[in-house]
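Okay, so here's just one chain, in structure tokens, the form predicted on its own.
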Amino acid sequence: MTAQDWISTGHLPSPEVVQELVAEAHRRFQPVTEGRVADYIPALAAAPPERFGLCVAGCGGPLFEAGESRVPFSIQSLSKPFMFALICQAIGEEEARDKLGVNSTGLPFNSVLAVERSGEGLSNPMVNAGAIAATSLAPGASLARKWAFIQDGFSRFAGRPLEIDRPVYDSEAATNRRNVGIATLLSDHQRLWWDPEEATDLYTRQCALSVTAADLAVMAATLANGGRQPVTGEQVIDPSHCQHVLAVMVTAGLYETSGDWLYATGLPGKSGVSGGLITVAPGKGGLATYSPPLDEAGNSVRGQLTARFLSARLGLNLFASTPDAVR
């Protein structure tokens, strides 16, 4: 018996069914008006609230799209699982866990309390503190080499070169003093492995990378597909790292509402303040949505509704089962 015998498997329904359900989700949730566009980063405040795009990418490569799935926006906190994946690949998942922590904080994404409360400066890679610490671990002896590692890694996940959205970067760099404070606190706890100001700048650049819902769907599908990019066929990370990234997404991907999310979808997910949201169905594929209006916890309203709908209708929930036949 090999490790491969214990891997979760399965397939999406037929392409016709998937496309029909993706289109239905777009029709169903486009009229939703709840939520507010993030305004604490000035460059994000101008996003039209009516924008809504979604894409499902199967592990075998097909894309199923509806709405504004090719509209670019900044990746923001959706970068966190992919950065953690790259660091697991670079230094190993056990060292990554020891240095970053993996337990849910139950607190907002930008809280400093989690760092202070742990006593060791640990949080997890899905919140700002752990994500900044993860970014500081990027290989390279200079800021330029570290950034090249990050940008190249994200581009391999997406299957195309990704570039910084310069207005978003400039806007965030001018208002990210809280993240600098978090980085300084991490350094005081000896949980940062680069200069605090430069580590924060790297993290800010990372969050400003421009993506689309279609990009994010194939990035999520790469995590669902044992680290192999379903469109290019490149093995971006080793299969063993995917399960650890997804485990942290399950417990902390939607911050203090991660329990509600898991209860509703049964899947690993991650949200971003620009309105993006990804959902990963191991062995099946990835779902990504873009809709700027957010709930009070900073998660896309339409994105959550879409994920709940498609998780049920596509049969993705990891915890769903039917009774075995009577023997």
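All residue numbers are counted from 1 along the displayed sequence. Please read all numbers here as calculations on a predicted model, not as lab measurements.
The same protein has a further form, the form predicted in complex with ligand GLN, not shown here; the description that follows concerns it.
Asks: V273 near ligand GLN in the predicted complex, any heavy atom under 4.5 Å?
Replies: So V273 counts as contacting ligand GLN.
Asks: Is the gap between D215 and ligand GLN in the predicted complex 4.5 Å or less for some heavy atom pair?
Replies: No - in the predicted complex, heavy atoms of D215 and ligand GLN never come within 4.5 Å of each other.
Asks: Can any non-hydrogen atom of Y203 be found within 4.5 angstroms of ligand GLN in the predicted complex?
Replies: Residue-level check for Y203: yes, a contact with ligand GLN.
Asks: Going by a heavy atom distance of 4.5 Å, is Y255 a contact of ligand GLN in the predicted complex?
Replies: Residue-level check for Y255: yes, a contact with ligand GLN.
Asks: For the three residues S104, N124 and V245, verify that every one has a non-hydrogen atom within 4.5 Å of ligand GLN in the predicted complex; reply yes or no.
Replies: No: no residue has a heavy atom within 4.5 Å of the partner.
Asks: Can you pick out, from C59, L63, A264, I41, the residue that has a heavy atom within 4.5 Å of ligand GLN in the predicted complex?
Replies: Only one listed residue qualifies here, and that residue is I41.
Asks: For the chain seen here without its partner, which of 90 to 98, 75 to 83, 149 to 157, 190 to 198 has a heavy atom within 4.5 Å of ligand GLN in the predicted complex?
Replies: Result of the contact check: 75 to 83.
Asks: Heavy atom within 4.5 Å of ligand GLN in the predicted complex: which residues of 122 to 161 meet that condition, in order?
Replies: The stretch 122 to 161, when checked against ligand GLN in the predicted complex, contributes only N128 at the 4.5 Å heavy-atom cut-off.
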